[in-house]
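Structure 1 and structure 2, given next as structure tokens, are two forms of the same protein chain, each shown alone.
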Structure 1
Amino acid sequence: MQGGNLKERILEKISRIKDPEIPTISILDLGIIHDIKVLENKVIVEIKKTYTNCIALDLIKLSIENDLKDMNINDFEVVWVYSPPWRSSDITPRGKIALKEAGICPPDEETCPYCNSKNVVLKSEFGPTRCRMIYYCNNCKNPFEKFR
């Protein structure tokens, strides 16, 4: 296997995988790819969990595995890493823009994605998925989701 070149090709391929619950953001921009190790005869892709009970985790792992198979990589492993844990700071600047364009506030902010106001209130800890909550902006009067 060709180390650096293969790693770049794998990154290019999996950068097209979107988060199943937030399809405006790629798993790369979400910051869950921890590392890709190209060993002598094996590839190991290390990924972090954004939210422990996320129902999309298995689908994300399967998507990565399918991409590796599409690249004719037969000896691989896709593993979850827990240290360091995923943090909202792992989201790329492009990822934060994608979240805001989808009307979703990144987890480390409490700002309306429509008008950038901080005059917001939590309306429900239960959103359309386990990893999102519903907020309301008192300035522009729009509801929006906040990523946990």
Structure 2
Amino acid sequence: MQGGNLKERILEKISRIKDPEIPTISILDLGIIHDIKVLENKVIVEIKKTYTNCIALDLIKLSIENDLKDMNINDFEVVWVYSPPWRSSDITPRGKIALKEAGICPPDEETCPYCNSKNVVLKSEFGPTRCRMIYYCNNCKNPFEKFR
């Protein structure tokens, strides 16, 4: 298979896949695409899990597989890579903006996504999904979620 060029094309295509639960952020900006290996007769896409029990992960894997089929690539594997593990610091600066657009505070901030106040308090370390915690804004009196 064509080397460099194909790799870029695959990356460009799968970068458009969004997180099914946070539709403003792409899987590229989420930082879960580990590597794309174009071998002689096979393509291997290596991806990472944000949190091991995240139910969106299988759907993301399926979307990547469908994209590869769309590109007429027949011999491929989409595999999970556990080392080095995904960290929330793998989220790109563009990804952090995308999280805010979805009303979710990025992992390295403690700011209300609605009114930008820093007068916020952690309510629960565990939230509606594994990657989110529940906060409360004392300023605008809104509960909000923060990416873990």
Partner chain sequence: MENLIFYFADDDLILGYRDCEWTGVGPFLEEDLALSSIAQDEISHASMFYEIIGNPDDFVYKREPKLFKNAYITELENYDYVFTLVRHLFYDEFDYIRIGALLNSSNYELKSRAEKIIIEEDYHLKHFRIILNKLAQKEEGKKVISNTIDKFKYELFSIFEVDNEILKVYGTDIFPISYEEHFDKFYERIKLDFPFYKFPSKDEVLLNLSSFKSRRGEKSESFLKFYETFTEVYRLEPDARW
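Take the two forms, find the largest set of C-alpha atoms that superpose within 1.5 Å, and that set is the rigid core. Counting starts at 1 with the first residue of structure 1 and goes up one by one along its sequence. Worth saying up front: this structure is predicted, and the values here are computed from it rather than measured.
- Between the two chain copies, the one drawn from the form predicted in complex with its partner chain is structure 2.
- Comparing the forms between structure 1 and structure 2, the C-alpha position of residue 42 differs by less than 2 angstroms, with the core used for superposition.
- A movement of the C-alpha atom of residue 11 falling short of 2 angstroms is seen between structure 1 and structure 2 when the two forms are aligned on their rigid core.
- A C-alpha shift of 3.4 Å is found for residue 127 between structure 1 and structure 2, based on superposition of the rigid core.
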